[in-house]
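A lone chain, given as structure tokens: the form predicted on its own.
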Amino acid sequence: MSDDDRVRDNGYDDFLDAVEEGEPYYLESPSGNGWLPPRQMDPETGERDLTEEPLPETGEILTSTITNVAGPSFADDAPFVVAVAQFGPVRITGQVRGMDHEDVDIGQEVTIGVGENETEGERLVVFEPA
């Protein structure tokens, strides 16, 4: 599949583009709640006046798991580690790269980036040790 054949998911792809350009962001409501794009309103308050705010440079791993048997879209990537990391007010899910799977720890600082999965070449969020 070439890049021209892919359907663009505007909010998600805009976020990945911003991460690749070194300017990752999240959306903040007037109440201070943070969300990842795409988001039209704060689901907790209903506020629609969301502003783009810079994402912190590092996040902290909250949880992780090793995937040994993956679905068809990630079959060639397995085994891999998926983690949820806290970056300021938002939690982001991504693949952990750049370290042995057994060395991924809760509380570990990571940076965010964009990689591709081996199976389909699709872009995805990746974390690397800070």
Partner chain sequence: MTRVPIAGVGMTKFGKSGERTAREMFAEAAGKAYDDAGIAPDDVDEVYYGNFMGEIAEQQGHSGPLAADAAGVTAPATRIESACASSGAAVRHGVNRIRNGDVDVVLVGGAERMTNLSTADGTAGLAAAADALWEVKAGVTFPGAYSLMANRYFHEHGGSREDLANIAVKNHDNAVENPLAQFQMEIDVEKVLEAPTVCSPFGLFDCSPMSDGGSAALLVSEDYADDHGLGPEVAITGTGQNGDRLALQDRVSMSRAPAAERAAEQAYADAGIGPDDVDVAEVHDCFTIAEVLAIEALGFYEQGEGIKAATNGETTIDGELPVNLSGGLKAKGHPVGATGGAQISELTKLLRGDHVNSDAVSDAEIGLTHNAGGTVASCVVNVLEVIA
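Please read all numbers here as calculations on a predicted model, not as lab measurements. Numbering follows the first chain given and starts at 1.
The same protein also has a form predicted in complex with the partner chain, omitted here; what follows describes it.
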query: Contacting member of P43, G32, G98, P54, with respect to the partner chain in the model of the complex [4.5 Å, heavy atom]; finding: P43
query: Single option in D9, E118, E109, E20 placed near the partner chain in the model of the complex, where near means a heavy atom within 4.5 Å; finding: D9
query: Partner contact for R48 in the model of the complex: the partner chain, 4.5 angstroms, heavy atom; finding: no
query: The partner chain contact in the model of the complex: T58, any heavy atom under 4.5 Å; finding: no
query: Contact test in the model of the complex: P38 vs the partner chain, heavy atoms, 4.5 Å; finding: yes
query: 4.5 Å heavy atom contact, L27 to the partner chain in the model of the complex; finding: no
query: Contacts with the partner chain in the model of the complex - residues in 43-77 whose heavy atoms fall within 4.5 Å; finding: P43, E44, L62, T63, S64, T65, I66, T67, N68, V69, A70, G71, P72, F74
